[in-house]
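Below you will find one chain, with nothing else, as structure tokens; this is the form predicted alone, and questions on how it binds or moves follow later.
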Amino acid sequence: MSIPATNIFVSPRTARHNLSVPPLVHMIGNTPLIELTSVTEDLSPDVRVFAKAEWKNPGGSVKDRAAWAMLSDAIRNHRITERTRVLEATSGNTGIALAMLGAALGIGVTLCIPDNASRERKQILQAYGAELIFTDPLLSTDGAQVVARELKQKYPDNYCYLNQYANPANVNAHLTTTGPEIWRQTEGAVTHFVSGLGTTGTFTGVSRYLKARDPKITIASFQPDSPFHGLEGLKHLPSVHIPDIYDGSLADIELEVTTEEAYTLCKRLAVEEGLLVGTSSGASAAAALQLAKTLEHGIVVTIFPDGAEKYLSTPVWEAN
């Protein structure tokens, strides 16, 4: 894809660079841990399933954690100047988090995003004032990463490319916040952790923390069962570039989830639990239940990355 020739430099507004910590940063993290009680009725009575309600973050997703960790690390290390725009390749949620934080800090944000991102995601990003570069939808976020790298190479002084797929701060965000929260909220009783694979930052960071606290905790990763799926934010690793931050050695169990299973769980969570969640959250529930059905006892924890408000125009919510 050709690199756009316009809008590559920082707008005058960016020069204000208010780099003090925005108040909304204090709203990131410490999300509720919600027990699922209706969709779990057919499980052993000694098995309980919980989900972290990450849509409670101010940007509406788990990606607020990684976005702030990467952005604050770049600021501390002087990778952002008055002439620098933040650059990222995203399927949506990390972009929304960066756009939100960039608006609060007065830092320009340029996002490379597949053109098939949901209408709601595009609208939210535009509302925050982010510059959007739409990339080939058939190449998913791999294609968006290629365009972002080309921009950085062509205009090295104008962009700080955070690269969530290779940035250790992505992992560290979950090593220092999400993992400890799960441990604290379960009072150390968690026996199984289930996480989807996207950038793999959540999976790697949380798993490392929990394994360090208790090596007996079972770690389960999951991914879509096919390269062609409808689960935004999740990756079918055999068919894409594997993120540099991924640590596959952490997984004791590897699961697969179909798009249909995820969509079904989204609808069940809405009508049975009163939880209106996104497709990756439906996939997380499907994977957690898949594992929980094999257990006689245990405390299973998974991540619900976001809510449904960014997906209401997508097929998952079409009438049956």
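Computed from a predicted structure; not experimentally measured. Each residue number is its position in the shown sequence, starting from 1.
Another form exists, predicted in complex with a small molecule; not displayed. Remarks below refer to it.
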item: Contact stretch among 225-233, 80-88, 101-109, 67-75 - heavy atom within 4.5 Å of the small molecule in the predicted bound form; value: 225-233
item: is_contact(G198, the small molecule) in the predicted bound form, heavy atom dist at most 4.5 Å; value: yes
item: is_contact(S221, the small molecule) in the predicted bound form, heavy atom dist at most 4.5 Å; value: no
item: Proximity of T202 to the small molecule in the predicted bound form, heavy atoms at 4.5 Å; value: yes
